[in-house]
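One chain follows as structure tokens, the form predicted alone.
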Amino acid sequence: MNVNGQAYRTIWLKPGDDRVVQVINQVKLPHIFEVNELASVEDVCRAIRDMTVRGAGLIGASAAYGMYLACLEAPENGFNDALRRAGESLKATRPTAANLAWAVDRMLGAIGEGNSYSDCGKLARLAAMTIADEDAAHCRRIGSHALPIITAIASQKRGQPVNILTHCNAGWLAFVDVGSATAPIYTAHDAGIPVHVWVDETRPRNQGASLTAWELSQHGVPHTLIADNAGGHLMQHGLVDLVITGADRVTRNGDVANKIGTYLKALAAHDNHIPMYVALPSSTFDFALRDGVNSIQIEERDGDEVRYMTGQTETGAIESVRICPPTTAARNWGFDVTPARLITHLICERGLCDATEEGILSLFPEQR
């Protein structure tokens, strides 16, 4: 994707120093565009925990580069133990996204193919870059597979824009490039199909307002920011043609864990007969789970994310303000689970499928 006309990914090795990983600091967006440097596995863990990097695909890619840095840090004596500890630390940063553990385990397998200490570092570097490249490629394929859906709706609208509602940020910033839920939007926009995106604010961290709106602006996609609770109203009045969200973990039977509030969007879409699509790369599937509501671990974050809001003042200062009485407690669940019955189709790099075990296995027969 482009930022002010310059191409960026969300994570890359520093040119001229491949012992340093560079990332876009998403905490500072949309007010400040800042690139941070990560030089150790602890730097990567901190960046994931404080959401400098966030989003399913990017968390996976960050974990992969974290394991590469762990290889560079680990002593030759005790190398395997050091890598195991690094992997455990990375997996503990955020529990809900499947891509995190998937990337760590894939890296451990790749590094284990090394015949020498120096081989391991080279293999880790290659494996991390491959995971990042695959993430971007898979998102591009998601866009291609979803394009006929938007094209079909556009053909019925006689030149009027296709209105798409999305939730949180499953865009370029949540992946290495392109994004999952935004891939169909960008693909349609670039193909000349008129689209308009309803961007809900996505409390409490406002990733819709801060991140999705920012990247749609950078790409020139028409969009409108709305309050989280406006989605159902828009659907009742025929102002939404389809809903597309991303996912942080999808079970074998099609239950979807995504940003808190996704379940409510799905209920409103179902009640108003509006198609609900979930876009994800295959690394987000958890084929070991069948019951998302009772089996997926839901991350609970600091209540201060609910009690405080951060923004830019008229003078340009970035400030946080409390929005409730000082003695009020807050709870902050980061995700909820949308049952498979509310989802029209899943879209991944292999194509579209029903949100059922049979539907998913039709694209992934090796998981039978």
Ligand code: MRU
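What you see is a predicted model, and the numbers here were worked out from it, not measured in a lab. Residues carry their position along the shown sequence, with the first being 1.
Quick note: we don't show the form predicted together with this ligand, though the next part is all about it.
- Of the candidate stretches 306-314, 34-42, 319-327, 49-57, only 49-57 has residues whose heavy atoms lie within 4.5 Å of this ligand in the predicted bound form.
- Site annotation in the predicted bound form: the residue of Ala247, Ile142, Ile185, Ala103 reaching within 4.5 Å of this ligand with a heavy atom is Ala247.
- The listed set Arg203, His196, Arg94, Arg252 contains one residue whose heavy atoms approach this ligand in the predicted bound form to within 4.5 Å, identified as Arg94.
- Although the partner is absent here, Lys265 lies well away from this ligand in the predicted bound form, with no heavy atom inside 4.5 Å.
- Using a 4.5 angstroms threshold between heavy atoms, Lys259 counts as touching this ligand in the predicted bound form.
- Along 157-176, these residues reach a heavy atom to within 4.5 Å of this ligand in the predicted bound form: His167, Cys168, Asn169, Ala170, Ala174, Phe175.
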